[in-house]
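The chain below stands alone, shown as structure tokens; this is the form predicted alone.
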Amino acid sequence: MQIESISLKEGADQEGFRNAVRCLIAGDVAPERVLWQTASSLSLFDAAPVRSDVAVSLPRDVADLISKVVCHTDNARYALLYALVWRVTHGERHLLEVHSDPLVFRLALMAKEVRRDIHKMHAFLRFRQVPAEDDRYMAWFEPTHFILEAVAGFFVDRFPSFSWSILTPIGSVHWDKTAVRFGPPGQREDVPATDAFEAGWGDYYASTFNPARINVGLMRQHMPKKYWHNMPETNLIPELVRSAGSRVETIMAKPVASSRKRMPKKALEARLDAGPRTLAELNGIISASEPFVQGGTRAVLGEGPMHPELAFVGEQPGDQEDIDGRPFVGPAGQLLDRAMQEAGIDRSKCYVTNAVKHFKFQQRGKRRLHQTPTMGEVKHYRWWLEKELEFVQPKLIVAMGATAVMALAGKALPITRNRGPAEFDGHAGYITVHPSYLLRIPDAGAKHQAYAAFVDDLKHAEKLAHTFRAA
């Protein structure tokens, strides 16, 4: 049996792996005949076969999984991914839906570890100003996986107005306010030990530290000690822990202040006179506002084009959406993608969002358990949703699930009795189930029927939107 030896660049060689897969699939080379290696050489093959430009069509969820797993440090990552591609292109198109499959299970764990590493870098990286350079900052971080290219865009979007460099033991990334450049590894000693901003940040952190909720074990779980030496606020933690008891007594001795609910419309009245005049301004307000549900870490905004034929409104972000910061990227979103594809709907031409903008959950060990928003919580977010859709101006709004219907209709409506065409405050709509409902059906036959009915709903909604366009 002839073995094909393939050499990819060190780190996350997305492009190299993609090119190799095209060649191997074009040559019908089975996974057991491929030896994957990483090397500093830029050559693709040790004994290179003829390169093929034949495209390999993969489902979106497979492509998304590949983009994460290639960042993993496991030396077997490329072999495992090619085994997945081989099976998907040889009759197992929906392989990722078989969560019990050993290959799928292992790759899912690897992708989760990479996403977690990305999340930690987003949360725990700290920039420090370079002495004598007002517009130059540097940071040191120690990622577990090859995630530099995956996180570069996040920091460019977050800090576009000053020049910065992020140094790590596996490489570096630099932004000069114009372009991103990747470079060799750096040294922690190359980054300033502190700057003037950190003193003020320490005072703020200490003032917001809640001694009544201290749990050292949980703190270390969410903020592992390996990151502490890069974070100025962690120098304060030992003393804050020691003084927690006396600080609790001080807090309890103070008179109780009357609580005050924050309503989005009231909280934003000062800015309503001048806006929000655009969807971007509205999204900025939503992102800067505190969650109205328990657990939410950041707002997950809607995405898609303006003036689409269809806008899909779900319940709230899930665990994966909260990590990635994008709507419908978790299991329910993958099922929605599949159903839209079967219904002949191009997701890129649709607008997708949620009635509630933050992930409501309860922490159970390492798991974050989804909690259904209450009617009051949905009403808190309703003004944001109405304003968002007013800017987007879709032809037809598809409400998926009871929470979305409640937000759009202003009252609870049973899905089974109201499924189909609807009207939301004079706007054309369509009511159907949420994709997560389909995932929870235990019986395979019932799940298949429910999924087929969901696809039919999407087809009917699209036809109805076409009718409005023709009119």
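Keep in mind that this is a model prediction, so the values were computed, not measured. Residues carry their position along the shown sequence, with the first being 1.
The protein also exists as the form predicted together with uracil; that form is not presented, and the subsequent description refers to it.
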Selected contact from Leu125, Ile323, Ala332, Val191, since only one has a non-hydrogen atom within 4.5 angstroms of uracil in the predicted complex: Ala332
So in the predicted complex, does any heavy atom of Lys68 sit within 4.5 Å of uracil? no
Does at least one non-hydrogen atom of Gly318 fall within 4.5 angstroms of uracil in the predicted complex? yes
In the predicted complex, does Phe328 come within 4.5 Å of uracil, counting heavy atoms only? yes
Using the partner position in the predicted complex, report whether Gly302 sits within 4.5 Å of uracil, counting heavy atoms only. no
Proximity to uracil in the predicted complex (heavy atom, within 4.5 Å), stretch among 181-189, 99-107, 80-88, 308-316: 308-316
